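Just the one chain here, laid out as C-alpha cells, in the form predicted alone.
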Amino acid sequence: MNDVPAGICRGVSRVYQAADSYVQALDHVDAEFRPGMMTALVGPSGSGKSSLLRILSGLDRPSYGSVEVGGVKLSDMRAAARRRARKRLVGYVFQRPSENLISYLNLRDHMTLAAQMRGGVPKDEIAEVLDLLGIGALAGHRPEELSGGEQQRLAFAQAAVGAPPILVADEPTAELDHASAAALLEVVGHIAKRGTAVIFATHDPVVAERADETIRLESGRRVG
C-alpha cells in the first residue's frame, strides 16, 4: 500500500464570525489520510466534523494551518484555483441523496458528467465503478426510480470515478436503514481498495466500526 498520505491537515483551525462574536469550529487539528483506507470522523453535533470535511475537500479554507491533497496545497489557493483543483482531486458526497443528484439526468448521464468534470475518464472505468457499486444495470434510471441506497451508491460512483486521491462524505448513511447502510459501506470499502482515501463523518457507531481508522473531534479539537 502507498505510504504517502492522500490528504494532510496540519494545525487546521477554522473561525466563523456569528453576529457579534466568533465561533471556533476547528482548533489546531492534525490528521493524515492514507490511500486505500476508510477513516470515520466521529463526535457530537457541533464538534467540527463537517467543517473539517469542507476544508479537506477545498470547499472552505482554514483560518489557520495547511491542507494538502494529492500533493497539492489547497490552503494556499484562492477560490477559483481551489475549484479547479477540487474537480480533479476530490470526490464529495452530501448527506441527502437529492443534494448529490440532478433529477432529470439518468445514471449514465450523471457518470458522463462526473467523468467530464474529472478531465475525462475511459468508458471501461466508468463501467467498472458502476459494477463495483452494484448499479451497472440501472444506467437508464433517473434518481426518482432508484431506492435511497441506490441513490447514495450513484453519488459515491460519480464521486469515485477517475480515482481522486480523496473522497469525503458527510453522514452518507443518515437517511438509510441499517441494512442499506451496511451494504453501502461494504461497497465503499471496495472504492477505498482501488487507492482512494475515503473519509466520512458519522454519528452511527455501527457505521464507524466499518472504518479502518477513527478520528474523534470534540469542540473542534482532535481527541482521538
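Just count from 1 along the sequence shown to find any residue number. Because the structure is predicted, anything quoted here is derived from the model rather than measured.
The form predicted together with a small molecule exists for this protein as well; it is not shown, and the discussion that follows is about that form.
Put simply, of G58, G162, P35, G48 only one has a heavy atom within 4.5 Å of the small molecule in the model of the complex, and it is G48. Of the residues given (V207, A25, I215, C9), A25 alone sits with a heavy atom within 4.5 Å of the small molecule in the model of the complex.
Contact check for G195: no non-hydrogen atom falls within 4.5 Å of the small molecule in the model of the complex. Listed stretches are 49 to 57, 184 to 192, 66 to 74, 153 to 161; the contact stretch with the small molecule in the model of the complex is 49 to 57, by a heavy atom cutoff of 4.5 Å.
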